[in-house]
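First come two forms of one protein chain, each written alone as structure tokens, so that there is a structure 1 and a structure 2.
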Structure 1
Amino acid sequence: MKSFFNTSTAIASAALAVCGVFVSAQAADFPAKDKVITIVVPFAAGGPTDRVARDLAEAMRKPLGGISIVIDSAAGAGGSIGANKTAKAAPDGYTLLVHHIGMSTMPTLVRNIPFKVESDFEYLGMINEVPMTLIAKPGMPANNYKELSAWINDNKSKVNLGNAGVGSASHLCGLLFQNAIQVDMTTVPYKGTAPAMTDLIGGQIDLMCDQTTNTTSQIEAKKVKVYGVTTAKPLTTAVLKDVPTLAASGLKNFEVTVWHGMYAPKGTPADVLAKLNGALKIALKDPDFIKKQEGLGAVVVNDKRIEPAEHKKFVLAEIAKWSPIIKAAGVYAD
């Protein structure tokens, strides 16, 4: 019997050793030239997160040996469909996720969420932070935030506040805005930022609070009216430098930015994660990537949150921040 157990142990040890060599070999060969990396974006094509992901994919190609990187738009359910697709993908480094602040709101916002944000992903690092802008249809009679506030109070429930869908950045900003001014508006959710913006420009809805990555070009073209930015200090970009903060305009304690991060399926080999994180760090220093993000009003992250552990720590803190706000509002993305 003793001999049998010794033999079994030896076989098991050998099998584990072979497995370890195989995983190491996979990591050493990553990324393979004949493979394609897919970045899942859990929102509609053409939206702000899609734009960030496409710019990042371009910047990460070179440090990853020129591998092809494609974008897979998997929108729906507050961003949880695309996130779940990534969580269930093979943990080999060839399927990644770029998600925004919704990564911290899904645990509360989405009923019966089929994964755990805290434990079903490998955190790769933060990408950027994007200010928000409060914008209105071009025919809005108000010329500044004070006048807009008076107009909202006069119309209240008649005001149509658009967003890109339940759980989107524009939905969350709108939720905070209504809470801050204590006015319930008629909320109009769309399947993505692009159709919401189209209706805002066309005057079918009155207001929207959305990311500068999506609003800057419309503001510059004077297709919408802008009433303020959601940062503590004014922005310095050419298009938005003269736009006041909402705080300075009278909306106290209303500061919110939308951040983006990158994730991989849980169980992705450590060596592969290290290569992806290294490529991400190089991309975040790429002058063209920085220029594109700045042109959209986004600030590329250059602090400790580009490290996986700090990225995860930040997201967990955001979950704790947003959970009571969403519960109080009683909104869910089924």
Structure 2
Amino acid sequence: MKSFFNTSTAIASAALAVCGVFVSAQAADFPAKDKVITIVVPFAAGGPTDRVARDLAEAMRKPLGGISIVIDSAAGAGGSIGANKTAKAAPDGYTLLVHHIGMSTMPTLVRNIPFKVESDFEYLGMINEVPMTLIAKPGMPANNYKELSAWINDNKSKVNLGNAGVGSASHLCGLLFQNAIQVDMTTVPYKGTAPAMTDLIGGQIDLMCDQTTNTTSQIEAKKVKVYGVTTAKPLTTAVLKDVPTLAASGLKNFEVTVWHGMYAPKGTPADVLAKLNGALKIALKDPDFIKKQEGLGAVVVNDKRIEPAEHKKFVLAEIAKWSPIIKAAGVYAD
């Protein structure tokens, strides 16, 4: 028994030593020139989360020594498929996740997610904050929020409200909207708001809430109609500066700001995380990245929330903020 204990202890120590050497060697040459970093995007290609991930990938490439960064579109189930895929990926720094406010609302909105937001990820930092807009199909007869509200009351459950699946930002915004006006609409889930936008423009669905990074150009081109922004104050971008806030239109305290952040699987070595966070910080100061984001109404984070611990603190505070609001509105889903 004693000798078995000694032998197995020796084997275990040797294995740990090899592992330790492997991990630090891996961290020292991270990112390796012959490898590729994959950013998992949990919503459909062409949508707002995909767009910020692609712009960020471009801005992080140089600070990471010119390594290739590819996007893996793991869309579906309101963002939980991509988050789960990342949580279960090898913790080596080569698989990352860009997700949004859903990281903080999913735990309450969806009761059975197969991962833990609090403990299955390493937090790399926050990326940006993006307002949402309430938009409608181009043939919507209403010309302002008052007329839209009358049209919704005339059509009630016949109104089709698109979203990016249970747990997504558009789902949250749509549920809060229905709750605020006390009308149950028919919700139509998509794998992201890019395909939902196509159907909205085509008139197959009536309404949707979505980030300004996806809606600004469609509003400008008059392919969709806009009825309100979800921020406390009106926006300042040229296209949206005259759009009233939903709060000013009578939806008391109606405020939803989407934010995006970057994550790695739990257990990614600390020095790999430090390199990734360093590259993220450089990317967030990249003038091209800032210009692209700000032109579409987003604000690039430039405060302590770009630090991993501060971003995690922020996400936990968001969970605590949204949980009672979602529960009080009775809008959570199974």
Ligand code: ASP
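For numbering, take structure 1's sequence and count from 1. We call the rigid core whatever largest set of C-alpha positions still superposes within 1.5 Å between the two forms. Just so it is clear, the structure is predicted and the values come from calculations on it, not from any experiment.
Of the two forms shown, the form predicted together with the ligand is structure 2.
Aligning the rigid core leaves the CA of P324 displaced by 4.4 Å between structure 1 and structure 2.
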